[in-house]
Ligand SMILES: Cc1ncc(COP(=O)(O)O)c(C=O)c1O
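Let's start with one chain on its own, the form predicted on its own, as structure tokens.
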């Protein structure tokens, strides 16, 4: 791989350094339009809320806002970023979990957003700051599925959501407290590539809604099925058929909502990975080659730069700049002092030399946002390719940035 959106990778690293995150705005827009078109063709009353936790860079958020997307936020800081990026409050959904009083005080002060609560106790805490006009609850249906165990977000072992058996109690408490408008939410896992799985989730959620809302005399304004739309991380995986997914979802919503006299509530989705992952790349440089018990290729990126492999056992495809022959089996690692700092084991790649560039694909979601400064390895720069030109959208972290949060008296003590 030598180019990203017609720009030479080596030129990008010469200009902005290495390691380097690069995002392709054309790809982001194409992903959004593909999903939006599929949904609108089958169920026009829909809204997509980009999952800010997947990529929270303000310039990336701005792309989604300009294309008509809303924002899905999971912390007060993400909510602040969404507001800074210019999203209308009506187009912001907030879903926290195990929130502090401070979290809920701030969130409750932002009027007009869609507020989605993870537990009955969240309602009890937020009522101390007033009665929200509109809420939904995140329902745990007792089942879940994800591309990796660590990204399965429902089921008996998941920390998220209200057990469906307690959902009626939660809505009754909200109604009794004076809440006037309602939705219902479910998010059961991430990186799913099976269209029928999403149909299963919608059906389960609407059955639960049908057991709750008619008895309370309320109707849901929106049905939020969460995110979880996946992408292929390996060559032998097929992409998610979003048109079929939308067709199946629409059919179930129309049938179930007609039977429960719900009308046609708005359908909400919260994708992050599907919209941004394959629009991002991480470029790293070979810094060391070790022929030990196994052959290790060391890069200037590590688990602090891209943690998904160490955290989940995830896989990212890699390509070596300018090389496509003389393959060998190697282990790709970073510079962090942990043996878990391994990107890939026994992977077949072209023979490399120090200074070669390795590009990781599909890093536009859950890449930089999960980075850290462990070992005090500072975080990389981020670049957006827009209108055929590279734009620096986050500076490379420096030693001065590491020191910035120390109190001045501490710095003076150790600089004297």
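In this text the structure is predicted, and so the values were computed from the model without any measurement. Numbering follows the first chain given and starts at 1.
FYI, the form predicted in complex with the named molecule isn't displayed, but the following is about it.
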{"query": "Complete contact of 72, 138 and 366 with the named molecule in the predicted bound form (any heavy atom, 4.5 Å)", "finding": "yes"}
{"query": "Option from 124-132, 269-277, 202-210, 176-184 whose residues, in the predicted bound form, bring a heavy atom within 4.5 Å of the named molecule", "finding": "269-277"}
{"query": "is_contact(residue 227, the named molecule) in the predicted bound form, heavy atom dist at most 4.5 Å", "finding": "yes"}
{"query": "Interface membership of residue 36, the named molecule in the predicted bound form, 4.5 Å heavy atom rule", "finding": "no"}
{"query": "Any non-hydrogen atom of residue 305 within 4.5 angstroms of the named molecule in the predicted bound form", "finding": "no"}
{"query": "4.5 Å heavy atom contact, residue 53 and the named molecule in the predicted bound form", "finding": "yes"}
{"query": "In the predicted bound form: members of 195-225 within 4.5 Å of the named molecule, any heavy atom", "finding": "none"}
